[in-house]
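A single chain comes next, written as structure tokens; it is the form predicted alone.
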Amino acid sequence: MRALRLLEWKSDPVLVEVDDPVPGPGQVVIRVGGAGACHSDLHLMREFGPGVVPWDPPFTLGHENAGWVQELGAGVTGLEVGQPVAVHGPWGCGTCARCRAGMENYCDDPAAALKPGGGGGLGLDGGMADLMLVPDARHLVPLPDGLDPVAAAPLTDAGLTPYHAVRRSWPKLVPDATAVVIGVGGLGHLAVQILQATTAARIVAVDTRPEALALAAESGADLTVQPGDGAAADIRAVTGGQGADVVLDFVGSDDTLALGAAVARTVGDLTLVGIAGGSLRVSFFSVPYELSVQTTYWGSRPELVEVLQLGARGLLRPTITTMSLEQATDAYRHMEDGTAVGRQVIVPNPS
């Protein structure tokens, strides 16, 4: 079968022929219908090296995956060949309390979970291939009626990650609250839709690109702002000077974190999702009183079920550009040059 593989750190992936996977006991092989191209893959290609994470190439890329059950390993029940499914991407140890609750993104035993990789497309073989081996059936979520694998694939990360970030702040997103989304790319434009679908808060979107701000407005933002001089004042003016109750930073640079802290309200949330490598100085007077600053990583399996339901109901509508497996490297080039809008989904098998 065909597979887009990262053969070594600091290199471009290559499309090669590999053997078809064979499921062992408890495992499932899916025929991949959609695999999202994620900006974090660029960090794997360009910035990672030996020792950064406890796994190394080679492996097949693609950690946002959905498709159809192709073959069941011995002992697998509850799934049928041909059934459409989404893959819950973070793979934990499977036995700790958090894994048993479906929170494998926060596995209590990462040393066990990360051998030999942290998930499909992250050390283990992912979904940018004709077929994908899923090492345990618990990682699969049946798709609800009305949702196909192409639309479902980006929801497994680009939808799930912002959903988890928004969901943890629901108590602060009351009808007179303001939420600020910084960075309206593949994750950010879905964060705007999630806020609109699950809260009554005012939504402010921030991005440098006019096309991203247009997408934010289409997705439900009440106000769009370009960063720069006056951006913080403009956002605070919308809130009557109080500041934003929740700030979601999908970039994570020094500048975006500084903007987030500048517009945040006392007793608010500043949640860092982006991995651009920035930092925020925190001292007694440098941030608003009782501002909670946190990072998040992906989301739980129960949350993925909720995200897929929102997608099936048409409340989450990722802006998607589909590309063939042979065009997958073009998707990453579009990310690097800033021309990618929304989410690019690689489609190895159209049906």
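Residue indices: 1-based, along the sequence shown. Predicted, not measured: the structure shown is a model, and the values here were computed from it.
One more form of this protein should be noted, the form predicted in complex with nicotinamide-adenine-dinucleotide, which is absent from this view; the next part is about it.
Engineer: Assess the spot marked by K172, A261 and L291: is nicotinamide-adenine-dinucleotide within 4.5 Å of a heavy atom from every one of these residues in the model of the complex?
Structural biologist: No residue of the spot touches nicotinamide-adenine-dinucleotide in the model of the complex.
Engineer: Counting only heavy atoms and a 4.5 Å cutoff, which of 143-151, 274-282, 84-92, 234-242 contacts nicotinamide-adenine-dinucleotide in the model of the complex?
Structural biologist: Heavy atoms within 4.5 Å of nicotinamide-adenine-dinucleotide in the model of the complex occur in 274-282.
Engineer: For G185, is any heavy atom within 4.5 Å of nicotinamide-adenine-dinucleotide in the model of the complex, or not?
Structural biologist: Although nicotinamide-adenine-dinucleotide is absent here, G185 would touch it in the model of the complex, with heavy atoms inside 4.5 Å.
Engineer: Answer yes if any heavy atom of D125 is within 4.5 Å of a heavy atom of nicotinamide-adenine-dinucleotide in the model of the complex; otherwise answer no.
Structural biologist: Although nicotinamide-adenine-dinucleotide is absent here, D125 would stay clear of it in the model of the complex, with no heavy atoms inside 4.5 Å.
Engineer: Can you tell me whether H43 touches nicotinamide-adenine-dinucleotide? I mean in the model of the complex, with a 4.5 angstroms heavy atom cut-off.
Structural biologist: The answer is yes: H43 has a heavy atom within 4.5 Å of nicotinamide-adenine-dinucleotide.
Engineer: Could you tell me if L316 has a non-hydrogen atom within 4.5 Å of nicotinamide-adenine-dinucleotide in the model of the complex?
Structural biologist: Residue-level check for L316: no, no contact with nicotinamide-adenine-dinucleotide.
Engineer: What is the one choice in A191, V206, V247, M132 with a heavy atom within 4.5 Å of nicotinamide-adenine-dinucleotide in the model of the complex?
Structural biologist: It is V206.
Engineer: Between V166, A212, C107, A201, only one gets a heavy atom within 4.5 angstroms of nicotinamide-adenine-dinucleotide in the model of the complex; which residue is that?
Structural biologist: Answer to the contact question: A212.
Engineer: Note that nicotinamide-adenine-dinucleotide is not shown here; using its position in the model of the complex, name the residues of 62-101 with a heavy atom within 4.5 Å of it, in sequence order.
Structural biologist: Nothing in this stretch is in contact.
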